[in-house]
Each structure stands twice: as structure tokens, then as C-alpha cells.
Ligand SMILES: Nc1ncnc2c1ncn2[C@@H]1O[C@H](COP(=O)(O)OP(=O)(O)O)[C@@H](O)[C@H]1O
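Before any questions on binding or motion, here is one chain by itself as C-alpha cells, the form predicted alone.
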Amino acid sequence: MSGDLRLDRLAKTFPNGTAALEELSADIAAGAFVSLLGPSGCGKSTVLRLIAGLEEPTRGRVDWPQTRGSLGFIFQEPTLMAWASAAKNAALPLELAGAPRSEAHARACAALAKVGLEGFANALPRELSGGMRMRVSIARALVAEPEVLLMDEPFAALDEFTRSKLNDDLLRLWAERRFTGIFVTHSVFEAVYLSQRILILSGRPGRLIADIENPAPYPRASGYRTSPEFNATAREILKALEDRAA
């Protein structure tokens, strides 16, 4: 991993006049796991799109000394090709990059195995559960071994059991790969469980109102969710949100 990510006074106003972000600055260390937390419409997803180059900032800039090819993106919905197998979906980034088909297939199957889908390479999306489809999406994002992984509320639509399991699987993959993880969520508890650091944004236009470190070590077993340390960090975040609302 080489190169930290810097958000330098980012601002974004859309053509319709909506101001999504205003003067957002943050430095994110290479290999860190950071969550963006805040109310709906505060610009969290816009931050990810600016980092990915899918949007251009109105002011400010994203500094990151890497090519866009070393970036993965997991969206809120799996967005899989309905007519293609799990392996074909997972191999898409490699095929678009010109990798030989046999190599892309082998790497896609290995990525599927990493997310618990060994044996499902030939399954179509309609044959998979919602959690399994999201696993295919994760495999697709990780198959090219990105330096930075952007995640836009990927587990929000899943039941709590599946969401909890995927949280654990995501942390396991992060520990193995040590990509820089930037995770958008509305859940205080998900942010605390996953993250080393939580960046809290105000309501629109999004501004950074708190930057909270989570000192809890990894790996984080399920018992961490009921620990005094977990509750203390969650209370600190909730207080920051309540103070801003007041």
C-alpha cells in the first residue's frame, strides 16, 4: 500500500443548485478502515463518487497518488448482470481491463471462494439470496485487488443476521488485503463495529463535525458489540450527533 488519501476542502453543488458538500477536509491513512456517518442527504455518497472520479468537485480536490484502476466500489444494490453467472459477474473488472478470459475466470472463482461462495460460480443472480448477491458484488470489487475500496451502504437492505455476518467477512477480507476501506452507513453501531475511525457529517451541505477514533483492536468478535468499549464509542458518536442537532 502506498499513498494516503486526502480530501482537501471539498465542495459540491449540483446543477440544480443543491449544495451537497461544503469545505470537507480529511486525511485518510493508507490501509485504514474509516466510516462516513451522518443524516440522509448529507453528502456521504457524494464523497465516495468524488473519490472515485464519478463526479467533479465544485471546489477543492481529492489527492491520491494512485490510478483509478486500483479502486473498487460496492454500491447499495449488487447491480449484477442478470443473465451472467456469479463468476462472470465477478470477472467483469478483469475482462474490462483486458485480462485473458481464462485468467479472469480463475481469479473470479478464487474471489468468490474468499467471500464464501465456493461452488456457486455458475449460479445466476436469481438463484442467489440477497446476501449471496451482495457477496458476488464484494468479490467483483475485490477481484482486481484494489488499493482503495469504497462502500456505499452495501448491507443496508439486508436482515440483521446477514448484515452481521457480512460485517465479519468484510473485516476478515480487510485484514487479509489491507486495502483502504471507506464505508458509508446510517448505522452508528455498524460504524463502531467496523471502523478505526468515524467521520461524522452534518446535514446538507455536508461538513465534517466530528472525527472520532475507535481504539478497539482487531479482530473484533461478536462479543465486542456488547462490550463497555463499544458502548462508550457509540455514546461519543451519538453525543456528537445530538450536540449538532441541538
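All residue numbers refer to positions in the sequence shown, first residue = 1. Values in this document were obtained by computation on a predicted structure and should not be read as measured data.
One more form of this protein should be noted, the form predicted in complex with the named molecule, which is absent from this view; the next part is about it.
- When contacts are defined as a non-hydrogen atom within 4.5 Å, none of Gly131, Ser164 and Asn167 contacts the named molecule in the model of the complex.
- Not displayed here, the named molecule is kept clear of Asn231 by more than 4.5 Å at the level of heavy atoms in the model of the complex.
- Contact annotation: Thr226 falls outside 4.5 Å of the named molecule in the model of the complex, judged by heavy atom distances.
- Remark: Thr18 counts among the residues lining the named molecule in the model of the complex, judged by a heavy atom distance of 4.5 Å or less.
- Heavy atoms of Asn214 never reach within 4.5 Å of the named molecule in the model of the complex, leaving it off the interface.
- Heavy atoms within 4.5 Å of the named molecule in the model of the complex map, among the stretches 192-200, 38-46, 175-183, 56-64, onto 38-46 alone.
- Of all the residues from 197-232, the single one having a non-hydrogen atom no more than 4.5 Å from the named molecule in the model of the complex is Arg204.
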